[in-house]
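Single chain ahead, written as structure tokens, the form predicted on its own.
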């Protein structure tokens, strides 16, 4: 570690496991979701894809990773408010300090300069708002995804009882009028939101690499070792 820097713990082991579980689930959800929307590959075995249940396996995989994705995201949302390690929600409060900090980070990104007139020891306001948007997109994906899922239980019955589809209708039917009035509108919204999340991920990776290169505090190492190396004079 260079002199003038201090090691700062930013993520616990559990937080890193959640991060990578989210990342892997997201990749799997995109791959299977694109296939469900538009089957783009065929089984290499001579039998047709329909005989190998390719669509069924993709739907099953999509459902499983979506559950993992949603559960881990709910845990992250809980930690936003009640974590004893770091409470990001405090950075969402639109007070003078947070607004100034948000503007400073945005100015750095737009102008590609190395000015950093705020404490970068912990997550800044820009990063916290950016992650809040990510979780709102995930919530929308959860409701629209479950609406598309319950549409397959038209009989009103399921293997675990009629209460399951009834509950899903109760909590997700509102997505139909909001998106345009038909199930196809829900499907399109679900698909478009997926691309918004993919765009979010691309910028998230770019931003972390950008911070690592410009500020030289090892931000990219946080998701691997849990720590970064902040400049002591700026913390």
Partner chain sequence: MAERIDGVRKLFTSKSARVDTNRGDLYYQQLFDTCRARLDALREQPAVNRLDFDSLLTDEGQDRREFMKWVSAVTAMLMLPPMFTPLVAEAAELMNRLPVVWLELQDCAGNSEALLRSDGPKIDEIVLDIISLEFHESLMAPSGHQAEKQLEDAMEHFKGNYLLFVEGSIPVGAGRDWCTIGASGETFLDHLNRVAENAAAVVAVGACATFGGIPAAAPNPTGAVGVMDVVKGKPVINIPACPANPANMVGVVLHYALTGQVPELDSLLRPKFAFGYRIHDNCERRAHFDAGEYVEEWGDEGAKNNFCLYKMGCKGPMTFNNCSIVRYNEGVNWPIGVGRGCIGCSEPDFWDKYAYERPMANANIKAPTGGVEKTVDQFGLGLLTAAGIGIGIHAVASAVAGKREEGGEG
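Residue numbers count along the first chain shown, from 1. The structure displayed is predicted, hence computed values, not measured ones.
The discussion below concerns the form predicted together with the partner chain, not included here.
- In the model of the complex, none of the heavy atoms of residue 28 sits within 4.5 Å of a heavy atom of the partner chain.
- Contact annotation: residue 109 falls within 4.5 Å of the partner chain in the model of the complex, judged by heavy atom distances.
- Although the partner is absent here, residue 60 lies well away from the partner chain in the model of the complex, with no heavy atom inside 4.5 Å.
- Although the partner is absent here, residue 116 lies well away from the partner chain in the model of the complex, with no heavy atom inside 4.5 Å.
- At a distance of at most 4.5 angstroms from the partner chain in the model of the complex, none of the three residues 102, 103 and 224 contributes a non-hydrogen atom.
- Just one listed stretch, out of 79-87, 119-127, 148-156, 132-140, contacts the partner chain in the model of the complex at the 4.5 Å heavy atom level, and that stretch is 148-156.
- Shown without its partner, the chain has 181, 182, 183, 184, 185, 187, 188, 191, 192, 195, 196, 198, 199, 202, 203, 206, 210 in segment 181-210 as residues with a non-hydrogen atom within 4.5 angstroms of the partner chain in the model of the complex.
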